[in-house]
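As a starting point, one isolated chain is supplied in structure tokens, in the form predicted on its own.
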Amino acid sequence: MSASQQFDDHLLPLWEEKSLTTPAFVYDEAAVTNKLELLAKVRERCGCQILYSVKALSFSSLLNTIADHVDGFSASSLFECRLAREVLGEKGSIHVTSPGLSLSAIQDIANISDYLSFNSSSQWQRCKSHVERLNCGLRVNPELSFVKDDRFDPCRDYSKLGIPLSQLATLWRQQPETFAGISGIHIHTNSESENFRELEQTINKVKNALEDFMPGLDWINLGGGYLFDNTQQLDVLCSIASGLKQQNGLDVFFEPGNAIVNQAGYLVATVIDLFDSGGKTIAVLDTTVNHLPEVFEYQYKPVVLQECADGAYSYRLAGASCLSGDLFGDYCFADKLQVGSRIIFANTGAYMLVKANMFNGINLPAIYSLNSSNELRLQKEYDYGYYRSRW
């Protein structure tokens, strides 16, 4: 196996620890804090305030770890908002935006959050009398797309996410009184991009379109959708934030989710059956794509740590449910799999556990943390009582 395919010592417990019950979702605390330390340098350099986007992974013990390293959380629903406040207490701010907030939810959110970005002018008009204590803003669709797949593109044609920039600029000029009480804007516009120049282009377009109104604003939320692994990648973000603070006098927020937790998450499974099907060996695992639902939704092949491209043994990894499409893909291994062999899926931290379901009555993965001392700690287990109580 190549060096890139070998296990790091830090991950050995995921396949050697016999007490680890599978299927198991494991999050690596060190990987999370490493990303947060990179973001701390952004805060120090340019004063950009860092929020964690709760929707990516909302497990409470992990949120407690993250809370010590960020300025607050961003949320998209009342329940996320309540969880964020429970974790943060009074030590951080909560920022909320959603295309679907009912009046009753708005009233409850107003009692526990600090910033609320309205998704449309009509949402603002309908709800503004209930949120007088909040810093209110508008989510803006800059109408500038960088995402090729419409399913992930917040700026797609006829998007439901935010007020189109051209429409907002016109309304603001024609009916400025409509936006009395608005103190900021929110512009989450990308997905899994490593190119912060795209954010720079977006900001420039927004500033040009709203140049008459920028002096009246107090803050801007840059959203998330960007990935990073080193400080160099964040140089452009620092430049953007510094410019907005110095030239426009704005408080600047950045709210990554995926970038913080995705590489820190692993799903550990065990082979429970092996058989030949028309000349291909099927390895059935004790997990299912319903534990990694984006694999099925978006039809991509997840990373397996033990995979060896030129390995002599080929298998189709399959999930344990009766869904015929419950498949992870075809993989080669250097060593022959046996019943009892462990399989580790990497990069499963974001948008997997929060979407996982119990289709077919298959239990959810147990949740473990892996600390910097290579100790696995069980955080949560599910059982039949949890499954039964859902119905």
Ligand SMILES: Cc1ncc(COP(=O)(O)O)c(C=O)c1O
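From 1 onward, residues are counted along the sequence shown. A quick note: this is a predicted structure, and the numbers were derived from the prediction, not measured.
Below: the form predicted in complex with this ligand, not depicted.
Could you work out which of 333, 59, 27, 351 is the residue within 4.5 angstroms of this ligand in the predicted bound form, going by heavy atoms?
Result of the distance check: 351.
Answer option from 290, 135, 141, 258, heavy atom within 4.5 Å of this ligand in the predicted bound form:
For this set of options, the contacting one is 258.
Complete contact of 55, 186 and 224 with this ligand in the predicted bound form (any heavy atom, 4.5 Å)
Looking in the predicted bound form, the three residues 55, 186 and 224 all sit within 4.5 Å of this ligand (heavy atoms).
Contact label in the predicted bound form: residue 113 to this ligand, heavy atom within 4.5 Å
Heavy-atom contact with this ligand at 4.5 Å: absent for residue 113.
Candidate stretches 309-317, 186-194, 172-180, 263-271 - the one whose heavy atoms come within 4.5 Å of this ligand in the predicted bound form:
Selected range: 186-194.
Within 4.5 Å of this ligand in the predicted bound form, counting any non-hydrogen atom, which residues from 91-124 show up?
Heavy-atom contacts to this ligand in the predicted bound form: only 97.
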